[in-house]
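Quick setup: the C-alpha cells below cover two forms of a single protein chain, split into structure 1 and structure 2.
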Structure 1
C-alpha cells in the first residue's frame, strides 16, 4: 500500500502527474490498514511489520511519512495545487501533502531523501487570533473534480470540461459537476449528504458502486421539469421510435473533440495507451490522449435496451489459463520479463510498441511467457494466452499458435458510456434532417470503428458502425433506396399518375351509361358489401394519410392531426388492423367473383373500352377483368402490407436489420397501393359517372348492368325469370 500511494514517475517533467495515490483524496485505505488501524501508529508500535510480507506495511515508512488523511481542500479549495500534492506524495511527504498543495504553507524537506520536512506557513492567510481565512467552495468547483476525472475520463470517453474546443452545452451555461452529481441524500438508500456519496449514472463497464447507479437526474428529469432552466425539447423532426430506442446522447453527442483511448497494450509490461485513431489519415492521428482531435463514437446497446455512444478500450493483454479453467491476468512484471526475453527475436520497430500481430510474433511472445511463468507458484498449469481484437491465441502441445474467437472475460467489448461534452441542439444529429444518420456519408451506419489495434496486416481492423449495432450492410443499402429514391420522388410519381388520369379523362372521356331513369333498378351492392367497402375505403384513407406523413417524417403535421406522433403511430396500426379485417371479409365476399373466365380475354383485348374513345361492348361477369386484376393486386398488396405492418407494430423489439427490411418493403408497396387506389377511385367516379352511387344505395340501372357486366346481367335476368316466369 505504501508503494501504491507513492508510485509514479518522479522525473522533473512528470513528477506533478498523479500516480495511484494522487487521485485518492485520502482517508480510508490511505489512512487505515485492513484492520482499521492507522498505519503510522501501528508501524511505530511494531517496526518489524515493514520487514514482513504484510501488503499494508511491506517496505513501508509510514512512521516517517505519516498517513494521507482525507484532504478536504483537494475538492473544496479553488486554486488547489494538484501537481504539488502529487510531488509530495511521490516523495513520501504524505502528511505534508495537503499543507503544501493547498498553498497555506511551504514544505521544505523530503522524507524519501531521509529528511524531516518542515512547514513555513503563509502568515497573510491568518487573522491576528491565529485563525486561517480560506475562501472554500461549496459545492466544489469543477476544476477540482477535473484533477482526477479530467485525466481518467479523457481516456475512457474523450471527456474534458471547461474546454472550448471539446465544449459541453451544460458547461457553457455555467453548470458545474456538482449540479448533476450532488451528494446523495436518500433515506431509502440510507445515505445522508454528509457521507459524500455522489450521484452517478449507470456506467456500462465499471463495477464501481453499482448500488448507486441511476442516482443522478436523467436528461429527461431535467429537461421536462425545467431544472436549472433546462429547456423542454420539442423533437419536432424526430420519429417517436427513435426517442424510445436511442439514448439522448446518440444524437446530442455526435462528436468528441479530444482524443480518448482507443486501447492499450501491456506486452512490454507497461500500460501503453493508444489514443483514438485517425482512420482517414493515420499520419495525422493524435499523439496522446487529450490531444485535440475530432472523432465519432461507436454505438452499443445498453442494459436498458437503448443504443448509446460508447468508447471501447481495446485491450491487448495476456492471461494464463490455470487448471481451474480460469484465465488469470498476468502481472506487468511477468509480461516485462517475457518481453525482455523475446525482444531480440521480435525486433520491433518501436521497442515501446511491439504491436504483436503475426503468427510468428505471437509464437515468440507466448513461448517467452511460457518460459517466464515456469516455476510460478501462482499457477498449477502454465498455458499463457494472448488476447487481441476479439481473438485469443495460445500454443498447442506442439508449440504452434492456435487462434480462436475469444469467449473469455478478456474479450469484453462493453464501452465506457459517453455522456459529457454535449453538443448544442443545432449540432445534434437530426438537426440537418434524416441524412445526418441515414446518408451514405453519415457516421451512424457507415462510419468505421476500430475492432483491433493491429490486425493480421499490422494495421487496425475496422468494421462499419451500423454493423456493430446490428444492421447488416444490405439492410442499410435497402434503407438507402427508401431514403434516396422513394421518399424524394413519391409525391412526383403520384402527381404523374393523376396527370395521366387527367389526360385519360380529357382524351378518352367518361363512359356514358344510362345510370338513372331505368324503370327497374337492380341492387348491385347489398348493405353488407357497402359497409365492407366503406370500412376498407375509410381505413385505407387514414392509413394513406398517416403513412404519407410518416414517409416524410413530418412530425409537425402529425402533431397537428393527431396530437402526438405516438398517437399517430397507434392510430396507424389500429386502423391497419381494421383494414386487414375488412380485407379478409371482402375477400370472402368478392373472391368468388374474381376467378378469371375465358370471356375476360375479350375484355382485356379491348382494354375494357377505356381506350380508343369509342363506346364498345365488352363481356364481363360481376367483376370485369380489370376489376379482377385490381382485386388480386390489392389482395397481394394487403398481404404484404399486413405482414410487414404487423411486424412493424413490434418494431422496437425487432432486430435492426429486420426492422429496416420491413420498413422499406412496407414503404415501397404502400406507394404502389396508393397509386392503385387512386386509379381505382378515378375509374369508380369521374371515368364512369354515377358509379359512385353504388356506394350510397347500392343500386344500378339495368342498362348500366347490361353494358358493364353483360355476362352477369344475363345470368341475373335468367335467374329472375326462373323465379318469376310471369314477370
Structure 2
C-alpha cells in the first residue's frame, strides 16, 4: 500500500503526474489498514511490521511519512497546486502534501531522503486567533476536476478542458463539470447533507459505483427540455432511425484533437503507453499521450444497444492460468524478471519498447515466464499466457506456441466512452449531408481502426470501422451506390423519362377514342374495382411524396408537410400498409385477367399501336398485353417494396448489414416503381384522352371496347346474347 501511494512515472518530464494514490483524495485505504487502524500509529507501536510480508506495511515508512488524510481542498480550493501535492507524495511526505499544495505553508525536507520535514506557514492566511481563512468553492471548479480526470481521461478518451484545439461547446458556454455531474443524495445514506455522490453515466469499462449509473442528465434530458438554456434541436435532416440507433456523441464528437492512448505493453515490467497512431503516415504519429493530434474514434455498441464512440486501450500483457481455471494477471516484477532473462534472445531495437509479435519471440518470452515463475507461491500451476489483439498464446506440452481466439476477461474490447469535447453543430457528422458518413472517404465505414498494436509483421493490425461494428464491406458499397449515385442522378433519370414521353407524344400524338360523342353503355370498371384502384393510387401518391422527402432529404417539404421526421415516417408506414392491403385485393380482382394468351403476341409485335400509327388495331382481352406487363411488374415491385418496407419498420432491430441491404433495395426499386407509374399515368391520360373518365363512372362505349379490347368485347357480346337470345 505504501508503494501504491507513492510510485508514479519515472520519466522526469512526467514528474507532475501522480502515483496511483495521487488521484485519491485521501482517507480510506490511504489512511487506515484492513483492521481500521492508522498506518502511522500502528507502525510506531510495532516497527517489525515493515519487515513482514503484510501488504499494508511491507517496506513502508508510515511512521516517518504519516498517512494521506482526506484532502477536501483538492476539489474545493481554487488555485490548488496539484503537481506540488504529487511531488510531496513521491518524496513520501504524505502528511505534509495538503499543506504544501494548498499554499498554507512551505514544506522543507523530504522523508525519502531521510529528512524530517518542517513547515513555514503563510501567515497571511490566518486570523489573529490562529484560524485559517480560505476562499473555498462550491461546487468545485472544473480546473480542480482536471487534476485527476485531465490526466487519466486524456489517455482513455483524448479528453481535455479549456483547450482551444480540443474544443467543447459546453465548455465554451461557461458550463462546469458540476453542471452535468452534480452532487446527488444517496438514498442509502442517513446523512444527506454531505453530498459526495456524483451523478454519472454508464461507463463501459469501469465498475465504480454502478449503483449510480445513469444518474446524470442525458443529452436528450437537457436538449429536449431546454435545461439551462440548452438549444432544442429539430434534427429535421436526420433520419429518425439514426436518432434511435446512434448515440448523440457519434455525430457530435466526430474527432478528438489530442492524442489518447492506443494501448499499452507491460512486457518489460513497466507499462509502456502507445499514443494514438497515424496509420497514413506513421512518422507523423504523436510522441506521447496529450500531444496535439487529430483522430477519429472507433465505434462500439453500448449496453443499451446504441452505437457510440469509444477508445479501446489495446492491452499487451500476461496472465497465468491456475488450476482453478482463472487467468491471474502477472505483477510487473514477474514480467520484468522474465524479460531480463529473455531480452538477450529477443534483441529488441528499443529495450524500453519490445515488440513480441512473431511465434519465435512469443515462444521465447513464454518460456522465460515458465522458468521464472517456478516456485511462485501465488500459483498452484504455472501456465503463462500472452494476450494481444484479441488472441491468446500459450505453450503446449511440447513447448510449442498455441494460438487461439481469446475468450478470457483479458480480451474485453468495450472501450472507454467518449462523451466530452463536443464539436460545434457545423462540424457535426451530417452537417455536410449523408456523404459525411457514407462516402468512401468518410471514417464512419471506411476508416481504419487498430485492432492490435503489432501484428505478425510488427506493424499494427487494422480493420475497417464499418466492419468492426457489424457492416460487411459489400453492404457498405451497395449502400454507397444508393447514397452517391442513385440519389444524385434519380432526378436526371426522371427528366429523361418525361422527355422520352414528350417525344413519344409529339411523334405519335394521342390515340383518339370517341369518349365524348358515343354513349357509355358498358360497365367496364365496377365500383369495387374503382374504389380499389382509388385506394391504391392515393396511397401510392402519398408514399411517393414521403419517399421523395426521405430519398432527397428535403427538409423544406418535410417541415411544411409533416412538421417532424417522426410524423413523416409514421405516415409512410401506415399508408404503406394500406397500399399493401389494396394491392392484395387488386391482385384478387385482376389477377385472373392478367394471364398471357396467344393473341398477346400480336399486340407485342405491333407495340400496342403506340409506335405504329394512330389507326393500328391489335387484339386484347380485358387487359391488353401492355397492361398485363404493367400488372405483373407492379405486383413484383409491390412484393419487393412490401417485404423491404415492413423489414425497415423494424430497422433498429436488424443487423446493420441487412439494414443497409434492405434500404438500398427499397430505394432502388422505388425509383423503378415511380417511373412505371409515371409511364402508366401518361398512357392512361395524355396518350389516350378521356380514358381517365373510366375511373369516375366506370363505363365505356361499345366502339371503344371493340377497338381497344376486341377479344374481351366479343366475349361480352356473346354473354349478352346468351342471356337474351331473343334480342
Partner chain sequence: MAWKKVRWPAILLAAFLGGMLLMSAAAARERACIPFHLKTEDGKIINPLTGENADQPYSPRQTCGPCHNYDEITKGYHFQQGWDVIKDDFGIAKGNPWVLSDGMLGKF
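Between two forms, the rigid core is defined as the largest C-alpha subset superposing within 1.5 Å. Please read all numbers here as calculations on a predicted model, not as lab measurements. Residue numbers count along the first chain shown, from 1.
The form predicted together with its partner chain appears here as structure 1.
Both residue 233 and residue 317 are carried by the same rigid part as the chain changes shape between the two structures. Treated as two rigid bodies, the chain between the two structures differs by a rotation of the smaller body against the larger of 8 degrees. Taking the core as reference, the C-alpha deviation of residue 54 between the two structures is 2.9 Å.
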